[in-house]
Structures are given as C-alpha cells and as structure tokens.
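In structure tokens, the next block holds one chain alone, the form predicted alone.
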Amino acid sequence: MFIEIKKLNKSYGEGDNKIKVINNVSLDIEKGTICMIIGASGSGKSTFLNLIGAMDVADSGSIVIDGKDITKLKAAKLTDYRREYLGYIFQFYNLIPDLTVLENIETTQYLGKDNMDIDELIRLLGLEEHKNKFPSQLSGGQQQRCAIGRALVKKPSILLCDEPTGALDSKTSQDILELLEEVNEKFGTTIIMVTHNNDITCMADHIVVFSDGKIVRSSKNKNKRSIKGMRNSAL
C-alpha cells in the first residue's frame, strides 16, 4: 500500500481546553488513486491533510508513505519528503504577486529531480496566453491553474488539495476538477482532496467521510465516473 495511516491522533490546547481533532484514525490509500475526504466544517479534514503533508505533527500513530514512516523523521528528512513526494493546492492561491505566471511556476522547479517541461505544463494548464501576466491580471480560475502548475512542475507523487475550488464559481470549478482528473490520468498522481462538496465525489476512487475527528465511512467508489459527465450540472 502506498499510504498507510494507523491509529493517528492529534489534539490542540491543554488541560480543560484540550480538543481532540483527529481521533484514532486509520486509512490506506492506493497509489495513483483519487481519494476524496468529505465532512462538515470542523470535522478534522484539513488537519488530517496537514498531517499527511508534514505541516503539522501528530501526537501519536504512524503515517507511512511509500514504506517510510514520516512521523519518525527529523526536520531535514521531512524537508526531503515534502520536496520528493508532495505538491500542495489550496483554496486561496498564495501566488507571489510580483512574479509572472511563468515565474510563479518556476519557484518550485528547483525542488524536483525530474521536472516537467514548463512549456508543456503551461499548455496543459491552458495558460499559454497568460504566462507573462501577473496574478492581479488573472481571473480566479487562471490563478488556481497557476497554483496547480506550481505544485505539478516537480512531478510530485502526491497532490494534496484543500478545497481547491472553494473560492471559484461553478463553471470554473468544473474546469479545475477536469484538469485535476487529467493530471491523475496522465501522470498517475495520487490525489488527496478535501472538499465540502459531496456532488464531486463521482470522480473519486475512494471516498472517506470524517465526523468529529473520526472516519465514519471509508469505501471504494464502485460508481466512479468522469467529472466531465457533470458539465451541465451545478457543482
């Protein structure tokens, strides 16, 4: 199994103010799949994603990625893990305002050992006409495409997506989800996506439901279908 998470726990605060956000969570995720994590606000979805991304530290339990338990790694090795395995896409694009589309994508290029060809990537993103523009000159969807390019250029094995369409209208959301689907199919990238939108789970191979820090349902999607089939639906 590519990702193996066992008995994971995470709390914030101390004493009477201590809140358990992740409660004894175990989950396996196969390589090259799309895993959709859904649940109400405050259910622990984003914290769980941050633990996989080594942006937060678990209290106990293990997170084994490709045979390596990242909960046991020192800071320098965690940096290597993020560099080698991970790409991040967030709801808010976090682009550098003084850099062009091309330059924003190039900021992470040096992190990878086997980078994508940037011209090919920009074509895939549909940003050829915009590569010399600054973020302020782009629409929200174009900014998110640029953020996706920045995450993809170093060919990450795992793409972590935290509400990647949360700030976008329905049509632009559809475009971005179709792009992520294409990335998964073309490069075999394992995608773990947190979303509040149950309507997009059709594109997932694996659906995980969180409630109060626990996984209440984890199942393979036997009815998986392309997000393109929802082209005329509201997302």
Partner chain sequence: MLYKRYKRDIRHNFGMYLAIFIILAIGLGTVFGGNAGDDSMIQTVEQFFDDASLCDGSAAVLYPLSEDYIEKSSDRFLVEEAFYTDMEASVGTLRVFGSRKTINTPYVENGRLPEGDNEIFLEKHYAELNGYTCGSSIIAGEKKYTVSGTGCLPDYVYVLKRINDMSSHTASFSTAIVSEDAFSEIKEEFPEKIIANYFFILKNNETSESVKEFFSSAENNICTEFINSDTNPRITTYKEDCYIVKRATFIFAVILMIVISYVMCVFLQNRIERERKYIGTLSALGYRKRELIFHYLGLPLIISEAGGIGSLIAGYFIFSKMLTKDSTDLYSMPDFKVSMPLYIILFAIIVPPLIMLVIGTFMLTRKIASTPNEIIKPKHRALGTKLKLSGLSYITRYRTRQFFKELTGNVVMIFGVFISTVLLILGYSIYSSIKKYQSDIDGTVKYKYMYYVTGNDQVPEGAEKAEIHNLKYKGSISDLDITLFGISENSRFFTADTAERGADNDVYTVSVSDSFAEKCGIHENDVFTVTDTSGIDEYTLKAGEIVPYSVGLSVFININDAALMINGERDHYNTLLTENEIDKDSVNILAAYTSEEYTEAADSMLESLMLIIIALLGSAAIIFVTVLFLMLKFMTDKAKNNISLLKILGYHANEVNKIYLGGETYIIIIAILLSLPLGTLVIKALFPYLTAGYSVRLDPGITLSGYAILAVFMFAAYAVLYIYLRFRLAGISFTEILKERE
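On a predicted model such as this, the values are computed, not experimentally measured, just so you know. Numbering follows the first chain given and starts at 1.
Missing here is the form predicted in complex with the partner chain; even so, the following discussion is about that form.
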| task | Heavy atoms, 4.5 Å, the partner chain in the predicted bound form: which of 191 to 199, 27 to 35, 54 to 62, 174 to 182 makes the cut? Say which one. | result | 54 to 62
| remark: In this chain shown alone, the residue from Leu111, Leu138, Leu73, Leu121 with a heavy atom within 4.5 Å of the partner chain in the predicted bound form is Leu111
| request: Consider Met116 of the chain shown here, and say whether it contacts the partner chain in the predicted bound form, taking contact as heavy atoms within 4.5 Å. | output: no
| task | Indicate whether the partner chain has at least one heavy atom within 4.5 Å of a heavy atom of Ser157 in the predicted bound form. | result | no
| query | Heavy atom to heavy atom, is Glu128 within 4.5 Å of the partner chain in the predicted bound form? | reply | no
| query | Is Arg150 one of the residues lying within 4.5 Å of the partner chain in the predicted bound form, judged by heavy atom distances? | reply | yes
| task | Answer yes or no: in the predicted bound form, does the partner chain come within 4.5 Å of a heavy atom in every one of Gly166, Ser170 and Phe210? | result | no
| Relative to the partner chain in the predicted bound form, which residues of 59 to 97 have a heavy atom no more than 4.5 Å away? | Ala76, Thr79, Asp80, Arg82, Arg83, Tyr88, Phe90, Phe92, Asn94, Ile96, Pro97
